[in-house]
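A lone chain, given as structure tokens: the form predicted alone.
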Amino acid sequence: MVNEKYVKRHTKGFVYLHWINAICFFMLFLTALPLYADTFGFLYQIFGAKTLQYGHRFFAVLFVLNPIIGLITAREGIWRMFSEIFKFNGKDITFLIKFPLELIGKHPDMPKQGFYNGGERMNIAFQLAAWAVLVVSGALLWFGDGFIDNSIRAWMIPVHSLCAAISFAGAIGHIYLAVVVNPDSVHGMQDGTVKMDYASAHHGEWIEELEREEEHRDTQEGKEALEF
């Protein structure tokens, strides 16, 4: 109901999808760190190089399977996510221009946003693209020996590494925005609900859409009661 303190934003399946994806990404990053920095060589000493390699591959498989399984367990949320990222418009541009003011504690007059705001849409689009690059480059490195030209596979190493580094920076930014700038948003990834005042401030168009749907439903129920 729209008139309650909290409003449902995500299903349980979508919340699980989000956290499994996050855990897989950070475990993939962690198990690969000793390859890039001697500072993390102690991980080889603790777990062994083979263990980290197998761990990296294990989480890579989960990283690939998670969104595929999500198409069944969190179908509604995923389809909405895909449809929303292609709705980028002038309001979203205005949102992005004003958003840096929120980072320094200001509260600019933001245009009303839909289920996902402009920043979320850009982040989702970026993460989806990064997921695809990581999966393709990783698969070529893992299975491409003997099938793919070695010169192509050699290019996959910097591509995979650079994409992982940029994705990690994006993930840290995402965490900062969620935990520090808009802590109320974190509730949406706990039980799928967010505070009504937060939703109204950051997703005003979506709340208005819910209110119209609720009003229409109440009207229809009223008509059916009169007809009965």
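Here the structure is a predicted model, which means the values were calculated and not measured. Residue numbers here begin at 1 and follow the sequence given.
Here the subject shifts to the form predicted in complex with a small molecule, a form of this protein not shown in this document.
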Subject >> Joint contact, H56, F143 and V159 to the small molecule in the predicted bound form, by non-hydrogen atom at 4.5 Å >> reply: no
Subject >> Among the candidates A37, A169, V179, I68, the residue which, in the predicted bound form, approaches the small molecule to within 4.5 Å (heavy atoms) >> reply: V179
**OP:** Could you work out which of M196, M189, L33, A165 is the residue within 4.5 angstroms of the small molecule in the predicted bound form, going by heavy atoms?
**Re:** M189
Subject >> Option from 85-93, 117-125, 68-76, 151-159 whose residues, in the predicted bound form, bring a heavy atom within 4.5 Å of the small molecule >> reply: 117-125
Original post:
Is F26 close enough to the small molecule in the predicted bound form to count, meaning some heavy atom within 4.5 Å?
Top reply: yes
Subject >> Close approach of N21 to the small molecule in the predicted bound form, 4.5 Å, heavy atom >> reply: yes
**OP:** Evaluate V133 for contact with the small molecule in the predicted bound form, applying a 4.5 angstroms cut-off between non-hydrogen atoms, and reply yes or no.
**Re:** no
**OP:** Using the partner position in the predicted bound form, report whether I175 sits within 4.5 Å of the small molecule, counting heavy atoms only.
**Re:** yes
